[in-house]
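Heads up, the chain below is alone and in the form predicted alone; it's given as structure tokens.
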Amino acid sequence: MTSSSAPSRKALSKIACNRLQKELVEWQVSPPAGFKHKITDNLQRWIIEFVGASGTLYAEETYQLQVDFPEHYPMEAPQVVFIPPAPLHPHIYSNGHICLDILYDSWSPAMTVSSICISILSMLSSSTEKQRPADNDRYIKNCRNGRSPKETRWWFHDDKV
């Protein structure tokens, strides 16, 4: 099952293809601990499975991320969402959208899929309670018809979790 909030799918630029092929090779040699790239023939969409870190609220729970790469990656951030069911977390909406600054305003072309994965795992690991964002229902209602999380104007105000 994949997310319905897929961005418009323009072909990857040559720079994006080269960068993704390099990242894929690096991933195959040395993936981030606990993460697994599910092999497909689509370089533009990666499915990544991971297990919550031990000693955290999400220990031994398995989740999947869908990473959609834009035409001009890495100059533009990929769209990253959880494939349902998304974990209960104050910055993860029930539709899988993730409120994490590096996926939007704080993106840097120096970041990689591995660094995104580590940041998401860190965000989960630092949580002290399992709950949805306070505005989950309103947000989900506004996301009908496949709205991308990149169309959201996020307010990054809470760095505790």
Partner chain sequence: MFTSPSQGFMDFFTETFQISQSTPPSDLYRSVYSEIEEVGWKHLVSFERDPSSVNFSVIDENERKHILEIRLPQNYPESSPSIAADVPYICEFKWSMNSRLKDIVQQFQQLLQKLQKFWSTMDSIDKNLLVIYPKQPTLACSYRQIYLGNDCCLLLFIDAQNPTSLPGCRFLGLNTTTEIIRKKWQRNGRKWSNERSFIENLSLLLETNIPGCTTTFQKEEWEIECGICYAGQLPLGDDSQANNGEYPDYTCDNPCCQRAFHTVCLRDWLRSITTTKKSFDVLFGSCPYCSDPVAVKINAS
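Numbering follows the first chain given and starts at 1. Predicted, not measured: the structure shown is a model, and the values here were computed from it.
Only in words, not in the display: the form predicted in complex with its partner chain, which the text now covers.
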query: In the predicted bound form, segment of 128-136, 93-101, 62-70, 35-43 with a heavy atom within 4.5 Å of its partner chain; finding: 35-43
query: Interface membership of Pro74, its partner chain in the predicted bound form, 4.5 Å heavy atom rule; finding: yes
query: Contact label in the predicted bound form: Gln28 to its partner chain, heavy atom within 4.5 Å; finding: yes
query: Partner proximity in the predicted bound form: Ser108 to its partner chain, non-hydrogen atom cutoff 4.5 Å; finding: yes
query: Interface membership of Ile140, its partner chain in the predicted bound form, 4.5 Å heavy atom rule; finding: no
query: Residues from 117-131 in contact with its partner chain (non-hydrogen atom within 4.5 Å) in the predicted bound form; finding: none
